[in-house]
Structures are given as C-alpha cells and as structure tokens.
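Okay, so here's just one chain, in structure tokens, the form predicted on its own.
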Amino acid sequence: MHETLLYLKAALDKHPELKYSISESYWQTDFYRFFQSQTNYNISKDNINLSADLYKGKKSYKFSIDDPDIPRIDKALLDALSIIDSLPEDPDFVDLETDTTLAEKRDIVNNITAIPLEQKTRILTSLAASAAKHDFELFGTFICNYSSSRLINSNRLDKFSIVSPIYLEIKAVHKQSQITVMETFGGDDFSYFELEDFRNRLVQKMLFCQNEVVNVEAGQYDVILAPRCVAEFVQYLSYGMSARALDQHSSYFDGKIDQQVFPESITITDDPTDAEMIRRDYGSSGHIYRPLKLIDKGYFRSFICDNYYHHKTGLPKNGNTASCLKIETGNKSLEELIGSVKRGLYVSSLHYMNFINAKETSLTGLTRDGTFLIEDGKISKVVMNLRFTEKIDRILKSIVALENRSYTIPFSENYESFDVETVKAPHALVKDFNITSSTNTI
C-alpha cells in the first residue's frame, strides 16, 4: 500500500519550484441496514483515494483520484502543471504545515472483523423482540468503518493514521400511531456498548409513547434537552470557534477570548483522547491532535486554528477540528431533572436545523423522534413535533442543571465514506426555550 503515494512524491520532488501536501487513504465499510426489524441488506465497500494540494508561490491547485494508478497520476500531474500558472494568487498563503510531531502508538481494532454480521444480527434480534412487546418495529443502520491514511508534505511531514468508527442508530416506529423514538451508540471501542442499558433507554421511550398525543401552544417552556440535542447545538456553536469564522467576521466569539460567555457549569473540550469516543491522532493538515479547552467553566479560551489561519490571523495554531467535542456533566440525575419541571417538554432529537445568523448563533429547526410533555415532574403525554427559533448562546446561558452522566452521540454524513464523528454530552435542563409553532405531525 501507498506505492502510488510514493510514486507521486517522487514525481513532485523533480519540481523544486513546487510545495505539496499529498495523502492516500484506504477506506472500507460494512454497512448493515435493517427495516421492519429484519435485515434489509448488508454491503461491504472499499475505496482507495489519492489527493494532492500543489503550491507554486502563492498559487495552488488540487486534484483527487479514486483507485489511482500510474497513468492517471501522470495525467493529473501534467494537467496541474499546465494549469497552476494561470490561477490567481492567494495573498495570505505562507507555508504548509510544519508540525512533524507523531502521535503515540495505540492498538486499534478493525471493528469490521471485531463485530461480525452474526453479532450485529443477534443484537438486532434481541432489541426487536423487546420492541415487539410494545408494538414497535425497528429501522436503522449498524455501520463499521476501517480506514488508514498516510499524509506527506514537502516540509518533511510524514504521518500514518488508522481509525475504525462504529455507528449504530435504531429508530423504533409504533405500528399504529407511527410515533418514532431513537437510540444510538458510537465510538471505536465496542466494549463500551452495554446492550441492557441501550435496551432500557429505548424501551423507556417506547413506554412514553403509549400516552395520549397532544399539541402545545407556541411559547416559552422549561425544556429537558436530550444529549443528542445538546451535542448538536454545541456542534453548531463550534462553527464560531474556528479561526476561519473569525476571519470571515461571522464568529460569535470575536473579541471574547478569556471572557466569561456562559455559566460556570459549562465546559466544552475538543478531546481526541477520550476512549469512549472516536479517537483521532491528527487534525488539520496532519497537525497532531491534542485535547483543547474551548469553554472552561464558562470562559471562552481558544479558537480552533489550522496552519493557514494561524498565518493569516496570528492566532495560536492547534490543528483541532472540533471532531471530538465533549460537554462536561453536572450533578443531577435524569430523574431529578424531570422531577424539577412543573410543566415543560422533553426533546429527544432535532431535525432540519439551519442558522439564521451564525454570528448571533440564531437558528431554527424542528423536534423529532420523541417530544414529550412533562407535568408535575413526570412525562405525561406525547407532543406533536414542534418548530423552534432560538439562539445557542441564550440556550447555554439558560441551562440551570446538567445530568451527572454523559452519552457518546455519533453523527454520520451517510455520504460516500459514511464519515462518523462523536460528541459526548449529558441531558440539560433549559429555562424558557422558545417554541414558535407546532408542525401538527408526529
């Protein structure tokens, strides 16, 4: 493996006028899909990709080749050399990544072979039997990936990395009402998957769905956000923590380094070393990926900054990518959080979120997969899905309690290589969450 990478490197080294960053990755997936509690299909795919960023002075050109071979590499390089001189300069380009620090070696399991089809089927069959008792069917995916990559640049950087993420998503659909609830697991170490705990959480949501279905009026509600919701809001917030957003004048955190922006209970770290998450060795352009405190007890501490924006903005370079966000827990159990709400909502999941104004962190979206009414400290009814318009900064400022347990939530693009990343988050109790309307749908 990597013969084509080394061939391209040798060819580029014959052009001392060029700087380059080239990478070759091998990606494999085992994609297990189920429908109505039965296996729908199981497919395996693999792909090799070679990509190159070439720089001549301040001019750059990029190409990418799937299943590369020498004739295709020769043609792509010849095309690049004929085009690059005609391209505009980037006045802010200075140099490529210079961090040659290597990550500590760690054992990485190939989860495609470690979690065979038979084991996936046993897990699904067991969960489907539990769902059937409550008249639910299961739909979803169980994805295991394995990818290895090598990155080389003309500043003598040479790094190799492996990642093998797991993505399990189960959506339970009631046969009559079509009410849906969801449970997920993600990470790269399947020993953290606890089937009975997963089952209990899924079944509890099914039991909530047996209650009456109601609508609620627009207005402000005390809301318990499930970990998936907290995770997604923080993902959106992290956009403004990037040096790129700062440079484009779209960052909420502009001018706020070392200022308190949220309550003391809020700490957010980009942590690629947490064993319960999908771990990463390298970040932007191959820079070593280390834990980075973004929000520390309410204080904003760091922008996510790669080599390019380090040169452009003068911010410290860290190479982080916000792919391993972790929100620290609080001191309340979920039962205590629910019990403290006189009348409010439990929101399981979010859908179709879009920024209205990224700098103000304002956005709109929908609830889905289980929205419930809380009355007198108990979940009492199913609520039709709702539309909300909110600001993430106001949501975090309105958190009055966090759960004493966190959950690893996977997110997947489900395109091409089914790229998976994880966020670790607890439940959160938010005061006066703004509901704008009902969708009148389950």
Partner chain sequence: MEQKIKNIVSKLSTSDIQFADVRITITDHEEIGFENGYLRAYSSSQGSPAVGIRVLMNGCWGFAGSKDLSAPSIDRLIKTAKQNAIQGSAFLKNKVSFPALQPTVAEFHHQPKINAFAMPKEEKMDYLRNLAEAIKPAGKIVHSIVGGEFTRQEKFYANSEGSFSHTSYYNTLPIMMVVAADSGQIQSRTWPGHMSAGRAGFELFYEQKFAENAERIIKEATDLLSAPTITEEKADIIIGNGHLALQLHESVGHATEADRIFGMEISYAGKTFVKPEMLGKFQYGSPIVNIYSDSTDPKGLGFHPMDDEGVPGKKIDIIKNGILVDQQTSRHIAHLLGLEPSSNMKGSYADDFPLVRMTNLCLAPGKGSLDELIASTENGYFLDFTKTWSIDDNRNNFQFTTEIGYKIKDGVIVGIVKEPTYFGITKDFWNACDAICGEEEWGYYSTFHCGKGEPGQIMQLSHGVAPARFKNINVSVKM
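Rigid core (definition): largest C-alpha set, two forms, superposition within 1.5 Å. The structure displayed is predicted, hence computed values, not measured ones. Positions refer to the first chain, counted from 1.
What comes next is about the form predicted in complex with the partner chain, which does not appear here.
Chemist: At 4.5 Å between heavy atoms, is Lys342 in contact with the partner chain in the predicted bound form?
Modeler: Outside the cut-off, so no.
Chemist: At 4.5 Å between heavy atoms, is His311 in contact with the partner chain in the predicted bound form?
Modeler: Answer no; every heavy atom of His311 is more than 4.5 Å from the partner chain in the predicted bound form.
Chemist: How about Lys171: is it within 4.5 Å of the partner chain in the predicted bound form, going by heavy atoms?
Modeler: Result yes; Lys171 sits at the interface with the partner chain in the predicted bound form.
Chemist: Please tell me whether any heavy atom belonging to Arg368 falls inside 4.5 Å of a heavy atom of the partner chain, as the geometry stands in the predicted bound form.
Modeler: It does: once the partner chain is placed as it appears in the predicted bound form, Arg368 has a heavy atom within 4.5 Å of it.
Chemist: Pick from Ser333, Asn200, Thr113, Ser86: which has a non-hydrogen atom within 4.5 Å of the partner chain in the predicted bound form?
Modeler: Checked against the cut-off, the match is Ser86.
Chemist: Looking at Gly140, Gly187, Gly319, Pro272, which has any heavy atom no more than 4.5 Å from the partner chain in the predicted bound form?
Modeler: Looking at Gly140, Gly187, Gly319, Pro272 one by one, just Gly140 meets the 4.5 Å heavy-atom criterion.
Chemist: Just one of 353-361, 102-110, 262-270, 280-288 has heavy atoms within 4.5 Å of the partner chain in the predicted bound form; which?
Modeler: Flagged stretch: 353-361.
Chemist: Which residues, if any, of 242-272 lie within 4.5 Å of the partner chain in the predicted bound form when only heavy atoms count?
Modeler: Arg244, Gln248, His249, Ser250 sit within 4.5 Å of the partner.
Chemist: After superposition on the rigid core, does the Cα atom of Gln119 shift by at least 2 Å between this form and the one not shown?
Modeler: Yes: Gln119 shifts by at least 2 Å between this form and the one not shown.
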